[in-house]
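Quick setup: one chain, the form predicted on its own, written in structure tokens, and binding and motion questions come after.
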């Protein structure tokens, strides 16, 4: 079959889509780049927020007409939303042909063979790491490499441990080999993925040890990783980041709230004071490090005073960027049933205040780089012009510079001439 994968959610889902593509290609199916050419449409879904699920449901509804013009078209739903409500999805929606949870991707070829019979496979496998499957990378110049699956943290607002299962780490030897393979294929910028990479452990190799090994891989230029949990960010990891030439000067360290009462209710297992100590350590060891974060507003019980404290912490730390979002109740999590739920109107109003503050901080941070020389890994043409190319700096800022397609996959050192809140301008 000709298949098209539509991916929603985090980088882990992007990596899972590459895994799914590899499994299907190995079984003799063909991936297509245009949805119009597909006779198998797969939605790889996210369940972190209600909005993400509603987007997928809307897309499935919009594909009904395509089934009328192409009766052989089949639709499958995989990923976190499938894991969470897969049985309901396939029972209530006649246009869905199959549903697969996050630990069942290896069964896709068999499911497709029996596709005329509605099916779902949703069992969580606490040992599944898809060993021996080489992903079919969708980017020509960058690679996401999953180093572990699942999560043990059970933050009170988060559905991930329930839909992805408990933590299990891939063998470090497999990760090294996949990194070498990616580099040989021209993907020189590698991002390691895990719900909490800091807790990676296989045999006697922890995450700092893994970084040391990957730093010696000649085939790549850069190493990144997401996501780090503050409670597990060790001095050893900070020291390894500081001395490893290929590990980029950037860390994504979700703070989630700037108020200790809310952090405790979130089950985050650290305080604002501990988080600030980590920030100071990172900046002392790596003075030019860029720090980005996730931060939420509208968590149950958050008062206006609590929220203002979060804004104060945002200003004090001065994140290079932040993913700001409002609390979204997820059925099955502790926070969904907590008292003192915040109204949608109040959540939205606080969210906008947070976004406005962070946008100004990010703009100031970017403008501080005007006049500096930065190293850019060129990945593509600029969105606005084929006379310009773009890529990321080592500190994870998008930059636009003069260049041509021959510059793709190369490192370019240029001076920052101007900056917006989203882009460094280097021409």
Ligand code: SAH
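Note that the structure is predicted; figures quoted are calculated from it, not measured. Numbering follows the first chain given and starts at 1.
What comes next is about the form predicted in complex with S-adenosyl-L-homocysteine, which does not appear here.
*Asks:* Since the partner isn't included here, can you check whether S-adenosyl-L-homocysteine sits close to all of 134, 169 and 213 in the predicted complex (heavy atom within 4.5 Å for each)?
*Replies:* No: none of 134, 169 and 213 comes within 4.5 Å of S-adenosyl-L-homocysteine in the predicted complex.
*Asks:* Sort through 120, 105, 325, 200 and report the residue having a heavy atom within 4.5 Å of S-adenosyl-L-homocysteine in the predicted complex.
*Replies:* So the residue touching S-adenosyl-L-homocysteine in the predicted complex, by this definition, is 325.
*Asks:* Here the chain is shown alone; which of 309, 146, 256, 179 has a heavy atom within 4.5 Å of S-adenosyl-L-homocysteine in the predicted complex?
*Replies:* If I apply the 4.5 Å criterion carefully, the residue I get is 256.
*Asks:* Would residue 112 show up as a contact with S-adenosyl-L-homocysteine in the predicted complex if we use heavy atoms at 4.5 Å?
*Replies:* Close contact is absent here: in the predicted complex, residue 112 is far from S-adenosyl-L-homocysteine, nothing within 4.5 Å, heavy atoms only.
*Asks:* Whether residue 291 contacts S-adenosyl-L-homocysteine in the predicted complex should be assessed with a 4.5 Å heavy atom distance threshold; does it?
*Replies:* It does not: once S-adenosyl-L-homocysteine is placed as it appears in the predicted complex, residue 291 has no heavy atom within 4.5 Å of it.
*Asks:* Can residue 378 be called a contact residue for S-adenosyl-L-homocysteine in the predicted complex at 4.5 Å between heavy atoms?
*Replies:* No.
*Asks:* In the predicted complex, is there a heavy atom of S-adenosyl-L-homocysteine that lies within 4.5 Å of any heavy atom of residue 390, even though the partner is absent here?
*Replies:* No, residue 390 is distant from the partner.
*Asks:* Among 124-132, 326-334, 91-99, 313-321, which stretch has residues with heavy atoms no more than 4.5 Å from S-adenosyl-L-homocysteine in the predicted complex?
*Replies:* Correct option: 326-334.
*Asks:* May I ask you to list the residues of 145-175 that have any heavy atom within 4.5 angstroms of S-adenosyl-L-homocysteine in the predicted complex, in sequence order?
*Replies:* 157, 158, in sequence order.
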